[in-house]
Ligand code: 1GP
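In structure tokens, one chain follows: the form predicted on its own.
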Amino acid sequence: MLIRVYDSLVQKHQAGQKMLAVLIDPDHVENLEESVRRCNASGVDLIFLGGSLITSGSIDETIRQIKSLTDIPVLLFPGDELQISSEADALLLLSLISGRNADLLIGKHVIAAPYLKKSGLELIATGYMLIDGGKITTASYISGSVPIPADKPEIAMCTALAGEMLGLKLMYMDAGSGAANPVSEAMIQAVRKAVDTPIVVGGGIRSTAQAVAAWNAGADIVVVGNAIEDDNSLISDLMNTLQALQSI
């Protein structure tokens, strides 16, 4: 019997095993084959697929291309109810718990529910928290929500705790694509102390030092996206660093 994606994440979380995920935007797949090959060569744990705004990319076709090149699990990271595909291995069912936009707390989920039921996808209920990364990002603009202030870790902590109490299985702290600054160590530490769920951290991570800081602060999964296009060696550098970190 195949291990479900979430069960695998929990097992690694409980064992203290850190993970790296690469986020691919279906609108920007010019170097898709090369990016996936680098993921294979480096031993990346997960591939996330999606974006706050997709204007031309095809979710189905992109997943088929990825899965023709790798066995790495592909998880949908949907920006809206249109970004659903049964081709993926699982879907992060995001509830934007940092904001007060009812559509992204439950509204879009109601619309998507019948399609998700039929899809057969493994659904991972995820508390999604937008954190101020020093600039307005597409995620904050499209969601119509105010990110949690970067210097207010107690707000992030209480938000994550409430999400866990509501039954959410994963906490995702995101500074947003292209953020000027990543989520702070203090904020990650505050959330880590508050919840038992695995924690995902992304947005603004452009270096191994920033990734290590997030892992050491309590992130189980660090997500990189735009930065891999600017630095061809970043994926391998991150995985080499992660392997060294876990051998200590």
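Throughout, we count residues from 1 along the sequence that is shown. Computed from a predicted structure; not experimentally measured.
What comes next is about the form predicted in complex with the ligand, which does not appear here.
Only one of the listed residues (Leu46, Ala219, Val36, Val223) places a non-hydrogen atom within 4.5 angstroms of the ligand in the predicted bound form, and that residue is Val223. Only one of the listed residues (Ser119, Thr159, Ser143, Ser177) places a non-hydrogen atom within 4.5 angstroms of the ligand in the predicted bound form, and that residue is Ser177. The ligand in the predicted bound form comes within 4.5 Å of a heavy atom belonging to Leu23.
Using a 4.5 angstroms limit between non-hydrogen atoms, Ile205 touches the ligand in the predicted bound form. The stretch in contact with the ligand in the predicted bound form, judged by heavy atoms within 4.5 Å, is 167 to 175, chosen from 167 to 175, 111 to 119, 98 to 106, 151 to 159. The single residue of 118 to 140 lying near the ligand in the predicted bound form is Tyr128, the criterion being any heavy atom within 4.5 Å.
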